[in-house]
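Taking the form predicted alone, here's one chain by itself in structure tokens.
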Amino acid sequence: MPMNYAYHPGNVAHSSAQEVDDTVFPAAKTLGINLIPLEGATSCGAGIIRQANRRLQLTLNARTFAMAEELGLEIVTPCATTAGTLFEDLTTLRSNPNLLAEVNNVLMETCGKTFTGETEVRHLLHVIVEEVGLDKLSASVKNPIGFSVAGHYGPNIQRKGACGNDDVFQPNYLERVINALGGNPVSLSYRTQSVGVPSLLSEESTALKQAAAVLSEAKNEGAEMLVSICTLSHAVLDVYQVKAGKISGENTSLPVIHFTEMLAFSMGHFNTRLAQLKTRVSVIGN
């Protein structure tokens, strides 16, 4: 029987990171995961909306929780920032009945929904390791990755309760998945470090130096590719890496893909894109 989850794409997967939206569905289907889109769900806020209006972010996310409850499903997302932000707001609402009641009043007035606190939020990485299992994952591989791959988690999901049964401070789920897909995992000390997404527009130099630290460590440790479980971090590490190298003076030239791309490519989906990735790795090299 397929495992059913309410699907939240994260903040950029259905806009500027189309490759995530393309690859997550075939990868999930191969593993027996049925993703049911939360049609009309808003951005989680990524902690940015909260800086201007905390109550607004809580209310928007409570609406998403209510939508999942109507389906009777847990929420799954391929974005670590979204998973971490939703988990934090879910925990806040559950722990404060008065706040939950106030938010529910707004929801009822604006969209006719209420939220009880019954849903859960999970990242796709944790579902694969804990529910699908690494044995089934390995059995689904048609194109072994064959690269030395460094993984990046980011900080938002690395908190008790949000990262499944993985270790909060020394996570290894992503490295275990890389190994199961036929890659050579490279563990980074900076794998849970922020790459400055919330401050990219206001403190660009600082943010890009953070991104450069992750990229350069991966290069120095022999990684041929970096994979991110966060759509926002993926965008910064990929799109801004040239500028990050110029600002920091470090070697930041490295192919960066998202977790769902690695899954889909290894399972035989999008072979033309896999060929392009292999060419990119070969051209950039070490």
Partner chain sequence: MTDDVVSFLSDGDRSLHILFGSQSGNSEDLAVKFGKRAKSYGLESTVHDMDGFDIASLASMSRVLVICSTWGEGEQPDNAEELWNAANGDGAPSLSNTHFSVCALGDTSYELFCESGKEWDKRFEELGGTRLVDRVDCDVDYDAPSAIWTESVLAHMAAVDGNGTFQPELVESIIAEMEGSGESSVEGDDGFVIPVLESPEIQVKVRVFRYDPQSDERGHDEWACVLNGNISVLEVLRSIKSTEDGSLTFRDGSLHDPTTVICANGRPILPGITRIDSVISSNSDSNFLNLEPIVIGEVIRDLVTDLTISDIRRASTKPWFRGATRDGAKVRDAVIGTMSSDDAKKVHMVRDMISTVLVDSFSDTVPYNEAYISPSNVLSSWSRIIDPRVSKTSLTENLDLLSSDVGIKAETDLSSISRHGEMGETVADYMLDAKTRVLRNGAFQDGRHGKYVWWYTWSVKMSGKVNDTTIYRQVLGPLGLVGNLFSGVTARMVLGFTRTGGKMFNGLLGMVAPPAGVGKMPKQFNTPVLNHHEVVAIFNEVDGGF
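These numbers were taken from a predicted model, which means no experiment stands behind them. Numbering follows the first chain given and starts at 1.
In what follows, reference is made to the form predicted in complex with its partner chain, a form of this protein that is not presented.
Name the stretch, out of 158-166, 179-187, 117-125, 141-149, where some heavy atom lies within 4.5 Å of its partner chain in the predicted complex.
The contacting stretch here is 158-166.
May I ask you to state whether residue 136 is within 4.5 Å of its partner chain in the predicted complex, using heavy atom distances?
Because no heavy atom of residue 136 falls inside 4.5 Å of its partner chain in the predicted complex, the answer is no.
Could you tell me if residue 101 has a non-hydrogen atom within 4.5 Å of its partner chain in the predicted complex?
It does not: once its partner chain is placed as it appears in the predicted complex, residue 101 has no heavy atom within 4.5 Å of it.
Is residue 36 one of the residues lying within 4.5 Å of its partner chain in the predicted complex, judged by heavy atom distances?
Residue 36: no contact with its partner chain in the predicted complex.
Verify the contact flag for residue 69: yes if a non-hydrogen atom of it lies within 4.5 Å of a non-hydrogen atom of its partner chain in the predicted complex, no if not.
The answer is no: residue 69 has no heavy atom within 4.5 Å of its partner chain.
With its partner chain taken in the predicted complex, which residues across 99-119 come within 4.5 angstroms through any non-hydrogen atom?
Those in contact are 106, 107, 109, 110, 111, 113.
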